[in-house]
Each structure stands twice: as structure tokens, then as C-alpha cells.
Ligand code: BDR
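Starting off, we have a lone chain in the form predicted alone, written out as C-alpha cells.
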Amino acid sequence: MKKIILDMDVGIDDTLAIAYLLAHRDVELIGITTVFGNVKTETSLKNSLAVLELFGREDVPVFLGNTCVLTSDTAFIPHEIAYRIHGQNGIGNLELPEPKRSAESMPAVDFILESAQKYGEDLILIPTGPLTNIAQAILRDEEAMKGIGNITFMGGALTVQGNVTPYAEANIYADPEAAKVVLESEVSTTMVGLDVTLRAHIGNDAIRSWGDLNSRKSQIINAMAKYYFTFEYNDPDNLGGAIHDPLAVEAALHPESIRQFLPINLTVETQGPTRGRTVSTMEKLREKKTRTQVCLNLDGETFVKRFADTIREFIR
């Protein structure tokens, strides 16, 4: 059974990714490590604990990760647009009960490295926020990280424009130096970027169907989804939009949904107006071994149906 660590800046689509993963009984979520992005790291941790409690999975440990980017000691402050998309508290301004338990005492990076050493190729990391925790783990013990199965991360944009600048996607832009460390390392990665997430559109009917169920989980998830997807089109009567973070879970667990992978060695630009851009690294182009697979095309219809049906069954 594959062991999964979700590394997350827990907002609304991260919550949907947690639900989607937990619905898969053939893999084991061994922990959630938290990071900044949609919210501050401390809020991501609180949201993780609250959401796991909502889903009845208090057995999944949660770990506090980095609160600042790789090259700074100043706590990261989320951009105002993140609050508009996810709400001030990251979960659509819904008030979930105060979590009954606390985070684990072990720091997130220590847990990632301990798990890498313990599980090796059976471990898959799925980061859906900035790659700061992952970069620190690689800087501390790249050999251990090279031995894991894969890092399947949501982030980047290779063949399309970015979503925070014309060049950069939000997760990479939040900490380009960290992403550069990860992508230039010898660790195997799969990039699930805007190239494919923008092809995965969920519509009004699927979202509203989650609210037709009579459970507390369904009402909360439906309210979160309405908040999040209303922002996509600013039209509450035409809910829908791109599915970002859950698609990283899909690529890790159902790679057959991805119609085209591009093997390539990547780096991240860290200077000037193109800061945060994911590009091929010229000095590595002649290497026979490629470290990253970029998802370029998607069977969007199959994924969206599986995702919508799986979430509906999970929150029933």
C-alpha cells in the first residue's frame, strides 16, 4: 500500500484534495505537513486538524511546517487575492469547531525525512502549496529524498500563462527559490501545473449535487465549494471552474488520466519580471536522464466525473 504525505496550504481546494485522497481506500495518508500560501502556516495547520475532524479521521497526524520562504526569516503574509478566493480563514469564512487535538511535536521537515527513510519508494509526496518544506528536506538529505517514489506537486505553468503574473503560477511564485531547489535536485517529480488544471472544469450541477445530501459533511463542503467556485466566474448562478489541487492527487493515484507527459529538466527563474517562471534548464538539456514529468494533456471529462462522484459518495 502506497504511503502518502499531503504538504498543503489548506484552503478550499486543498480540503477537496484531502477528501478525494481519503476516499481512496487503497492508499494510506500517513500525515499532512502544513505550509503557507492561501493562508499562514498556523492557519493551514488549524484547518487541517478541523477538516480531518469533520471527516472523522483524527488518526491522521498533522505537522507544522515552515512559516517563511526559504530565503527569509520573516513570516509569509498571504496575498489579498488568496483571501478573496478562500476567505479570511481559508475555508470560505465558515466556522468549524475548534480542533480537539493539537499538531504533532515533530517539525514537518523531520517527519518528511523520517518517512522517506522508512518507506522509500512506497512514499509519495503530494505538495499543493509552495515547495518550501520539500526544498528544506532535500537540502538536508537529498539521498533520502531521492529514494522515495515521487513528488507530485500542483504548481507551475510551462505552456500557458501564469495566474499571478503572465509568467508565474501562484504556488511557485510564493517561493521560487524553494521550487528551484526541488526542480534542480535529483529527486523525481511530476508537475501538475496550469497546463492541465485549467482543462479540468467542474460545473454547476456537480457542485450543487453535493449539497443535496443530508449530512453535515455535505453541507459544509457544498458551502466551501460555492464560495470558492463563485470566485471563478463571479456568477453564483453559474458555479464552476478549474480543479487545481485535487488534480495532483489524481495524477499520483490515477496517472492514466493524464494523456501526455513531457519528460524534461526544469528550473525556476528567480529574478526580474519573470520571477517564478518554470522553464527548461539549458545546461541540463543534453542529459539523458530527466527528473521531471510535466503533465501536458488530460482526460478532463473522466477525471471530473470521477472526482465529483467520489466526493459525493465520501460526504454522503
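Quick caveat, the model's predicted, so the values are computed rather than measured. For every residue, the number given is its place in the sequence shown, counted from 1.
The protein also exists as the form predicted in complex with the ligand; that form is not presented, and the subsequent description refers to it.
Mind telling me which stretch in 290-298, 7-15, 304-312, 21-29 gets its heavy atoms within 4.5 Å of the ligand in the predicted bound form?
Among the candidates, contact is made by 7-15.
With the partner left out of view, is L131 within 4.5 angstroms of the ligand in the predicted bound form by any non-hydrogen atom?
Although the ligand is absent here, L131 would stay clear of it in the predicted bound form, with no heavy atoms inside 4.5 Å.
With the cut-off set at 4.5 Å between non-hydrogen atoms, does N38 touch the ligand in the predicted bound form?
It does: once the ligand is placed as it appears in the predicted bound form, N38 has a heavy atom within 4.5 Å of it.
Counting only non-hydrogen atoms and a 4.5 angstroms cut-off, does N163 reach the ligand in the predicted bound form?
Because a heavy atom of N163 falls inside 4.5 Å of the ligand in the predicted bound form, the answer is yes.
Within a 4.5 Å heavy atom cut-off, is M145 in contact with the ligand in the predicted bound form?
Because no heavy atom of M145 falls inside 4.5 Å of the ligand in the predicted bound form, the answer is no.
Between the options L123, V181, I126, A170, which residue brings a heavy atom to within 4.5 Å of the ligand in the predicted bound form?
Partner contact (heavy atom, 4.5 Å) among the options: A170.
Do any residues of 57-95 have a non-hydrogen atom within 4.5 angstroms of the ligand in the predicted bound form? If so, which ones, in sequence order?
Sequence-ordered list has one entry, H86.
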